[in-house]
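This document starts with one chain, in the form predicted on its own, laid out as structure tokens.
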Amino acid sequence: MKTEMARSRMERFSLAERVSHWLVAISFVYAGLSGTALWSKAMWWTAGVLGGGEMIRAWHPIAGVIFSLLLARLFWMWNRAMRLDAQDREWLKVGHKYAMHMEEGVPESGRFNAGQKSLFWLQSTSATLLFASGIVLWFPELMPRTLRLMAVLVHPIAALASLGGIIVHIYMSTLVVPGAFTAMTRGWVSPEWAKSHHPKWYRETSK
């Protein structure tokens, strides 16, 4: 029975990877919602959901630091696997075909495809900018005026870039690639799924 089960499953993400991923996601949601409430009057209603204006003013920067630290751990775990190579750059040129389930001519993917790798680097870069500009905005009295003005501009731009990337990520993992979301919840995928979506990784893992 165990042998048959092992043959029908391939470990996609370890428990440590899944826990790190979901902690990053939770902290991102809180930091994102509280941040948009502070940034836009149209989103102020979320402040009530999160405990009120004083609460989110106090906890938004703390949540941002927690998010950055958790993402740093995920970066440490995945950064080598996320490096783009020549084949990934070719994938990006025709990546729209993958999103439309027209995979003919799309280069084979390893454990992560070029779209996932690009999202990883987008989020890592955005998080770095959010953290740096957030520190400036958290302690404005200690910062020179030029730095404060730069932070006021950089922080929302980085936040919007990060939010846009997450929206695409959720769309792809739930609607475009069935099975991608459950792989991050249960940790495994079927060999057929792996062979279809990440054939290079399937061959490497099956050796």
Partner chain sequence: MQTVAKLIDTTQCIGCKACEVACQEWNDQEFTLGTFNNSYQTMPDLAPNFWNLIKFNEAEQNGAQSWLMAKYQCMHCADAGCIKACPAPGAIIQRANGIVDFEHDACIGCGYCITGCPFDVPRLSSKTKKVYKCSLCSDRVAVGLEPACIKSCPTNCLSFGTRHDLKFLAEKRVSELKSDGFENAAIYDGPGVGGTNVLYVLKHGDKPEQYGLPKDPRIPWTVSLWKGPVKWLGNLVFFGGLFTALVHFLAIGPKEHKHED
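Residue numbers count along the first chain shown, from 1. Remember, predicted model here, so these are calculated numbers, not experimental data.
Same protein, other form: the form predicted together with its partner chain, not shown, and the subject of what follows.
Of the residues Val65, Leu38, Val29, Leu50, just one reaches its partner chain in the predicted complex with a heavy atom at 4.5 Å or closer; this is Leu38. Within 4.5 Å of some heavy atom of its partner chain in the predicted complex lies at least one heavy atom of His101. The closest heavy atom approach of Val152 to its partner chain in the predicted complex falls within 4.5 Å. Interface membership of Glu11, defined by any non-hydrogen atom within 4.5 Å of its partner chain in the predicted complex, is ruled out. For His21, no non-hydrogen atom is located within 4.5 Å of its partner chain in the predicted complex, even though that partner is not displayed. Looking at 147-174, the residues that come within 4.5 Å of its partner chain in the predicted complex, counting any heavy atom, are Arg148, Leu149, Val152, Leu153, Pro156, Ile157, Leu160, Leu163, Gly164, Ile167, Tyr171.
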